[in-house]
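Read the single chain below, which is given as structure tokens and is the form predicted on its own.
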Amino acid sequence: MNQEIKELIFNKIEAAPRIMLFRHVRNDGDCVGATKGLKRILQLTWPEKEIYLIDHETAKYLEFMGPEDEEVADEIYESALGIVLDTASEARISNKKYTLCRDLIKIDHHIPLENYGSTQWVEEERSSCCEMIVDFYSTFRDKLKIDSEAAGYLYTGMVTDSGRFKYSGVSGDTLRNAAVLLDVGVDTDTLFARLYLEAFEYLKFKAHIYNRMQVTPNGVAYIFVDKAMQEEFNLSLEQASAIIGNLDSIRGCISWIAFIESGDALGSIRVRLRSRFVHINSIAERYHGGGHACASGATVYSREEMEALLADTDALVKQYKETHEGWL
């Protein structure tokens, strides 16, 4: 079935003189890597095509991947094939002009929350959307072109969305697809330096977090990063949110959550949920979010709602521990 869908997508791309690429809000390495990587592959293969990637929301830690295209007239959208990558629901598409496109393709690896687009290729077992784009390239290797620039974009997404290939979604296919990119050529030394070197002030923030984090009775580690803390350590929203990766190694805690106060007019609090073994996406879906079984995002709008989400997660972890063995 997926082979038929990939062939349909290839045929639509081949026939389209103009293509618009889209991704999700609060962008990350995977959605940026997938859109930029696919754009580069298509430009190399069909230099005569007009291919646009218009999204002016770029996370600071990803600025090294370069800028996007400038805005174009609505008429350009109206005559274009649209491709949305790494985005489970329409509400999360960052550039709302996707609705103008004459046709829309969805390529995604999240648990599907809704159907949109005339053609949908969804593989929720994939570790990243970038992995799907590499698979797409490999499927049509005799027709598509790739270079080290495209490989670098796609490898960035694979590395970041898989936790450097340590998350449960990583499979043999994941590593085989990564090998395709390494064979093309990726400067991994420079890439990892750009992604993971940390400023001295941020290290002090991490020390502060370790002193402030808490654990629920049943084993959910959590931290609330309010605006005062963000200002004290001069953190962007992305830097504050990244602290979720430092709560994952506490023995007995099989779920961990970072609550990040946004400071917007709605009083929203960004929620990043992660887990080991237990599936927490159902919790995220109750609180204006969604995602993967063990890695999801949500939004709450008060401290009371934050406490409710935490209580629901604690109850879920309690139930899991009472009915399963081997959770360490």
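For clarity, every value in this text was computed on a predicted model and none was experimentally measured. Numbers follow the displayed sequence, beginning with 1.
In what follows, reference is made to the form predicted in complex with adenosine monophosphate (AMP), a form of this protein that is not presented.
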item: Interface membership of R270, adenosine monophosphate (AMP) in the predicted complex, 4.5 Å heavy atom rule; value: yes
item: 4.5 Å heavy atom contact, K97 to adenosine monophosphate (AMP) in the predicted complex; value: no
item: In the predicted complex, H279 touching adenosine monophosphate (AMP) (heavy atom, 4.5 Å); value: no
item: Contact test in the predicted complex: S296 vs adenosine monophosphate (AMP), heavy atoms, 4.5 Å; value: yes
item: Of M229, I223, V170, L113, the one that lies within 4.5 Å of adenosine monophosphate (AMP) in the predicted complex (heavy atoms); value: L113
item: In the predicted complex, the one of H288, K60, K49, R303 near adenosine monophosphate (AMP) [non-hydrogen atom within 4.5 angstroms]; value: H288
item: Complete contact of R18, R40 and K145 with adenosine monophosphate (AMP) in the predicted complex (any heavy atom, 4.5 Å); value: no
item: Per-stretch contact check against adenosine monophosphate (AMP) in the predicted complex, the hit in 66 to 74, 270 to 278, 51 to 59, 32 to 40 (non-hydrogen atom, 4.5 angstroms); value: 270 to 278
item: Residues in 68 to 101 close to adenosine monophosphate (AMP) in the predicted complex, defined by a heavy atom within 4.5 Å, in order; value: R92
